[in-house]
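Just one chain follows, in the form predicted alone, and it is written as structure tokens.
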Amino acid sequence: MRPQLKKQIHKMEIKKIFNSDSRNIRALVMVFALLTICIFFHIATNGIFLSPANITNLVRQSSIVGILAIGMLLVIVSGNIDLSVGSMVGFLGGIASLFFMKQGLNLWVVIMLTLAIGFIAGCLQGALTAYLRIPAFIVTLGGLLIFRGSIMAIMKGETISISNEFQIFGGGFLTFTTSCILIFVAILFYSFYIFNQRKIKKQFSLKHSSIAVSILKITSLCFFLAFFLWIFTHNNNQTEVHPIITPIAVPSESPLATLPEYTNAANASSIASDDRAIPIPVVIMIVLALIVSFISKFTIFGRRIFAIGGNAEAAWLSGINIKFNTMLVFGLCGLLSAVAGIVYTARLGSAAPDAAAGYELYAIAACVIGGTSLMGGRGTIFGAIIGALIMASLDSGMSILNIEPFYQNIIKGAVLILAVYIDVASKRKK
């Protein structure tokens, strides 16, 4: 009887991981809402909104909020909140620029130091919340002020411009060939995941998709990725600010035009402007989303986080170390804030003491709009990314229509309240 009971428990665990009809319905609703917003703004802006140039700018803009939302989602799922991520983006971006431009450290050393500082800062906030039992709202509100004040004191009100080598993380693009290889690898991995998922469900007699549906999913992904590759390669936005790689143009008869330095710089700028496809910030966001999604779904740590947010008392009774795991969640959020800080600073081309002010609200809004429960225990990485895209779409569409900033804030606030109401209403029905 014991092996049979063990098999039954294993079946229940597999069912909990894969049998997600309600989450799929919610995901479809969010995608439909995003498409509705895009179509509305495309019509209202006379075709500007869905132009390749604007879509490229939109996804690059949403990538920073998306990275923050990934970290914020885990914190909210654990039943906490982090109000300091916006200030951490400005603080860590400023620290990175100081290390790189003022101290002259190697770029990769700068990145590793910045990530380490972000993780340690997040863990400190998590330790204060978990071990000293100070409410996360108060700890991170204090962190918001501390990080913002610290970078103002360190930079002394100065704006630090960064070099082209750093700017590649925020303003760079993969080449067309590299993008095609990356897409091919992504399709292979997705195909393996789909068929392996189907095999596991079939093994435990769970409801599973047919071969035709599985092939349809893979084909849909192929068309989706091919469409966005076409969008990125047909971006002809002349007003966009790129990393400073183009040399000053000199007449062809000038002696300067024959110098090897000028010729190499001109060739490099030509390659950078013509042979480019997927934006690097988008690649960073997608890779992080896949990694954290895997951690949240298929690792013990991820399941513990959802258990803590769902019912902390039951999690404690089952032997989960709530304090240590809570500290790690805040550390992971700090680490992702460091990544966002690097991308944000690289995208702007400079670091300023007031950088990323208010981004913590965008990250929270992206999570909530994406279906994350503020009560904890429920949320998906995919939903957070869709939420970030919805926020970016609202920003972009209203800016193109020249809507006054105060009206934009009112509309975004109303959307956030509506998202929370939908979450509360769905819980009441259950």
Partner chain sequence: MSFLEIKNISKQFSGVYALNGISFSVEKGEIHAICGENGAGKSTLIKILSGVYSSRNYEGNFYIAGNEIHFKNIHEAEKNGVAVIHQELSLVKTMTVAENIFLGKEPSKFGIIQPHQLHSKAKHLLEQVGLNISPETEVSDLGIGEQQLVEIAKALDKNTRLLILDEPTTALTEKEIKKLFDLLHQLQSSGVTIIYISHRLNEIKTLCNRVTILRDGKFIVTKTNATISNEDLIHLMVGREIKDLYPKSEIKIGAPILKLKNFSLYDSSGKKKINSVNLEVHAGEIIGIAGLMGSGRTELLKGINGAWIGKQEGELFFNQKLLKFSSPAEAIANGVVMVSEDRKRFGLVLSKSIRFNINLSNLKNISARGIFSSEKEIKQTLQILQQLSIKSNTIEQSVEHLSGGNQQKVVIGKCLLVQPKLLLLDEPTRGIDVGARAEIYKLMNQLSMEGMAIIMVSSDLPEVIGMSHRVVVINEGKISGEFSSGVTQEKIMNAATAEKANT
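Since this is a predicted model, take the numbers as computed values, not measurements. Numbering follows the first chain given and starts at 1.
Another form exists, predicted in complex with its partner chain; not displayed. Remarks below refer to it.
- Contact with its partner chain in the model of the complex, judged as any non-hydrogen atom within 4.5 angstroms, is confined among 203 to 211, 285 to 293, 90 to 98, 344 to 352 to 203 to 211.
- Within 4.5 Å of any heavy atom of its partner chain in the model of the complex lies no heavy atom of residue 163.
- Its partner chain in the model of the complex comes within 4.5 Å of a heavy atom belonging to residue 310.
- Although the partner is absent here, residue 316 lies within 4.5 Å of its partner chain in the model of the complex, judged by heavy atoms.
- Its partner chain in the model of the complex is not approached by residue 181, whose heavy atoms all lie more than 4.5 angstroms from it.
- Proximity of 197, 299 and 320 to its partner chain in the model of the complex is complete: all three residues have a non-hydrogen atom within 4.5 angstroms.
- Of the residues given (306, 232, 147, 119), 306 alone sits with a heavy atom within 4.5 Å of its partner chain in the model of the complex.
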